[in-house]
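Form predicted alone, single chain, as structure tokens, below.
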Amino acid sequence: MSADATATRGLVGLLDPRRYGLRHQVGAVGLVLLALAPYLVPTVWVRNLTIALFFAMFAMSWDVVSGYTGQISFGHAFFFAIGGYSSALLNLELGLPPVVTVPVAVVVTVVAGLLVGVPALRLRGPYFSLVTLVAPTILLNVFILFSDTFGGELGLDSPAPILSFDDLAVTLVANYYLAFALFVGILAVLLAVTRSDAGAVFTAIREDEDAVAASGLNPAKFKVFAFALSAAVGGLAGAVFVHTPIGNPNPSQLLALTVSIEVIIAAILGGMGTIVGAAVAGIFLRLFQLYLGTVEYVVPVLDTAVADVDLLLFSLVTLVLLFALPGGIVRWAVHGGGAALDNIRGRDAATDGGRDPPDRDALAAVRESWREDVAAMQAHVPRTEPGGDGPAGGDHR
């Protein structure tokens, strides 16, 4: 079998949905539905979905450092504000286009994150969390103290949009797809990192940092990497957010304590240390909150409209979900779906809680197939003596 045929078979295998598990197929369907959403929902919900996608990006940026390494940050809005304000100020004060201000804002956010994170990561437990809680408070006071530059509590004027058209509906749809593309890109990058060896070290740090250090690895290096990655993602989302019709560089949208708390709730409710859980819960929680704000039904006992007590109801529902699903919605759905499939197929669940061999990861199956094909080819290639030319030239031992 030629190398081209092997590569083609590998690519076809990667694109074949039958080789993937049910959860991957459900995730692919979810992304397709999001891609088609502007054609399926009214314009006002396109706007709400755009808000939800940005909120999901904020939640994912928190999960990559707090969910994986266990370093709980209570002030992640610090990153969103640094990114959003940096991009807006560069656009408003210097006249730079968003295509320039957004990357610069990401760099500024990473630098600011490292200035706060590197010393803070030397601390453990509540001391680290306290530092992250204080950081956005200091930033907010700086914004108020230098209100001529940062606009104080009212924030800055809206910077130039990245995408704008004469028709408002077209502008909303275009910005939705901008948010969707950014959401998919961030999701892919974070999944790639957290499913790599680095992600395994992140998880090991969360479980037992001393054991990681005893194994010869430097936990501080991986924690700084996770913190910088989280800052970059949060700064990127905040920077793009202020250049859309739904976002403005003001404290209530980027720096308020409620922003940080809602991000934590979304990531925990979705499932800490999963990335996908933060993304899913971020979207649904924000949509649910926005939906409650539109319900005019009057609650009999309270004699008030649902829209007037939407935050109370949202908090109560969130509290119930946290009690009922302590592991997160995604883990509950994955385990419940797996158990249901096992019952349907008449199989017992794996005794160690893992997956049965037939449900192994499709990517692992493709990699194994490639290895077998390469091994078969190597078995038919004549070996050249050490020091000679050719594919096997030179002994690499």
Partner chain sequence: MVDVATLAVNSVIISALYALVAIGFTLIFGVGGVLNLSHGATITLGAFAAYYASGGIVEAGVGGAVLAAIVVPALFSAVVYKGLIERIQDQPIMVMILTLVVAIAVEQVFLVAEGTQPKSIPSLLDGTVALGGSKFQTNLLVVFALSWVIIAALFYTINNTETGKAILATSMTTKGAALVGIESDRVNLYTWVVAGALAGVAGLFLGSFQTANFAMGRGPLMLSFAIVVIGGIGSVKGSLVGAYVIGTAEVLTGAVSTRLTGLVPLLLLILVLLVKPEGLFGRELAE
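Predicted, not measured: the structure shown is a model, and the values here were computed from it. Numbering follows the first chain given and starts at 1.
Another form, the form predicted in complex with its partner chain, is not on view; read the next lines as being about it.
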Worksheet entry | its partner chain in the model of the complex: contacting segment from 89 to 97, 139 to 147, 106 to 114, 282 to 290, heavy atom within 4.5 Å | 139 to 147
Worksheet item: For Arg122, is any heavy atom within 4.5 Å of its partner chain in the model of the complex, or not?
Response: yes
Worksheet item: With a 4.5 Å heavy atom cut-off, would you call Phe222 a contact of its partner chain in the model of the complex?
Response: no
Worksheet item: Does Gly185 reach its partner chain in the model of the complex if we count a contact as any heavy atom within 4.5 Å?
Response: no
Fill in: 4.5 angstroms heavy atom contact with its partner chain in the model of the complex for Glu209
no
Item to complete: Just give me the single entry in Leu154, Ala192, Leu319, Ala169 that has a non-hydrogen atom within 4.5 angstroms of its partner chain in the model of the complex.
Response: Leu319
Discussion item. Within 4.5 Å, heavy atoms only, which of Leu312, Val299, Ala181, Ala214 is in contact with its partner chain in the model of the complex?
Written reply: Leu312
Item to complete: Could you tell me if all three of Ser129, Ile268 and Phe323 have a heavy atom no more than 4.5 Å from its partner chain in the model of the complex?
Response: yes
